[in-house]
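Single chain ahead, by itself, as structure tokens, in the form predicted alone.
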């Protein structure tokens, strides 16, 4: 956008002048920057993208290390459309397996294999270090606590989110 002489970007009447918008932009820019670096390093180090790590992490965190495809789709951070093809590729690499669901002829559960668990653990250690380096180091301990407290309702059960 081009601004008139003497007009500052924050003087733009079409731009929301709210702290929540600044917070939102901070979340978006921080996520984009960190995830670009994480994707590049994960591919170079582990040979698979963040979408794979997301699937492995969702399964790792699930009871019995498995989820129905629909549950996996709901929990996935990066991929919703094309999840079946993504799981096909991860399964071909031997990191997950599909299982039938007892009592549900059409039900399919995706579960981590022992190799998938090993690769998740290996990748996640380095991924955690990268996130600390690229995100955590930019915040003071007080800022880390404030951000964590403010955003906890987005990644915990929705019942823990503060009332409107």
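Residue numbers count along the first chain shown, from 1. The shown structure was predicted, so the numbers you read here are calculated from the model rather than taken from an experiment. Basically, rigid core = biggest C-alpha set you can superpose within 1.5 Å across the two forms.
There is also a form predicted together with the DNA; it is not shown, and the following applies to it.
S.K.: Where, among 63-71, 26-34, 131-139, 117-125, do residues come within 4.5 Å of the DNA in the predicted bound form by heavy atom distance?
M.R.: Careful reading of the contacts points to 63-71.
S.K.: Taking heavy atoms and a 4.5 Å cut-off, does residue 77 contact the DNA in the predicted bound form?
M.R.: Contact check for residue 77: yes, within 4.5 Å of the DNA in the predicted bound form.
S.K.: Residue 58: heavy atom within 4.5 Å of the DNA in the predicted bound form?
M.R.: The answer is no: residue 58 has no heavy atom within 4.5 Å of the DNA.
S.K.: Heavy atoms within 4.5 Å of the DNA in the predicted bound form: does residue 111 have any?
M.R.: No - in the predicted bound form, heavy atoms of residue 111 and the DNA never come within 4.5 Å of each other.
S.K.: Is it the case that residue 45, even though its partner is missing from this view, gets within 4.5 Å of the DNA in the predicted bound form, heavy atoms only?
M.R.: No, no contact at 4.5 Å.
S.K.: Across 94-118, which residues bring a heavy atom to within 4.5 Å of the DNA in the predicted bound form?
M.R.: Read in sequence order, the residues that approach the DNA (within 4.5 Å, in the predicted bound form) are 98, 103, 104, 105, 106, 107, 108.
S.K.: For residue 77, does the CA position differ by 2 Å or more between the shown form and the other one when the superposition is done on the rigid core?
M.R.: True for residue 77: a C-alpha shift of 2 Å or more.
S.K.: Please check whether, in the predicted bound form, the CA atoms of residue 79 and residue 58 lie closer or farther apart than here, given a change of 3 Å or more.
M.R.: Residue 79 and residue 58 sit farther apart in the predicted bound form.
S.K.: With a change of at least 3 Å, which way does the C-alpha separation between residue 80 and residue 108 go in the predicted bound form: closer or farther?
M.R.: Those two alpha carbons end up closer in the predicted bound form.
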